[in-house]
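One chain comes next, on its own, written as structure tokens: the form predicted alone.
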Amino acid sequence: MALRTAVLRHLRVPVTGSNQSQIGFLGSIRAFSSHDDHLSKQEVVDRVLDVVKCFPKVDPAKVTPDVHFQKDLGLDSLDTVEIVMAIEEEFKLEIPDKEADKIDSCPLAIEYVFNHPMSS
């Protein structure tokens, strides 16, 4: 499903067929879909940092794009799971458990969200 969405996001289909007579002078213009709503890297960084800063056990002053959840912020594994769940909610994603277990820092969270085709 994700592959289909990624392909359809970049697919361009020209408008042709029997409806050209109804379109009038616009019939000779080729219409393409260029809907590209993928998030920029900076948007992802800002939103991930906001999620981490809003976590109750985190001192917002310590949060940077390079921060590690356990080593730098002193969070335990359950806190890390809660942050990953908050990131899923923020970006409307469902991160598989196997992948979520690997996300233990802001850089990994940012890379995962930025590279995910369904992030919004």
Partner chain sequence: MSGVSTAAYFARRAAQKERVRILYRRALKDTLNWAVHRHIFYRDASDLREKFNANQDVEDVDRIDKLIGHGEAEYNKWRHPDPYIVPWAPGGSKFCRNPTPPAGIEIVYNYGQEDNP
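Positions refer to the first chain, counted from 1. Everything quoted here is computed from the prediction, not taken from an experiment.
Another form exists, predicted in complex with the partner chain; not displayed. Remarks below refer to it.
The partner chain is not drawn, but in the predicted complex it has no heavy atom within 4.5 Å of residue 111. When contacts are judged by a 4.5 Å heavy atom cut-off, residue 64 does not count as touching the partner chain in the predicted complex. Under a 4.5 angstroms non-hydrogen atom cutoff, the partner chain in the predicted complex has residue 84 among its neighbouring residues. Taking the partner from the other structure, the partner chain in the predicted complex has a heavy atom within 4.5 Å of a heavy atom of residue 57. For the partner-free chain shown, 76, 77, 78, 79, 81, 82, 84, 85, 88, 89, 92, 93, 94, 95, 96, 97, 98 of 72-98 come within 4.5 angstroms of the partner chain in the predicted complex, judged by any non-hydrogen atom.
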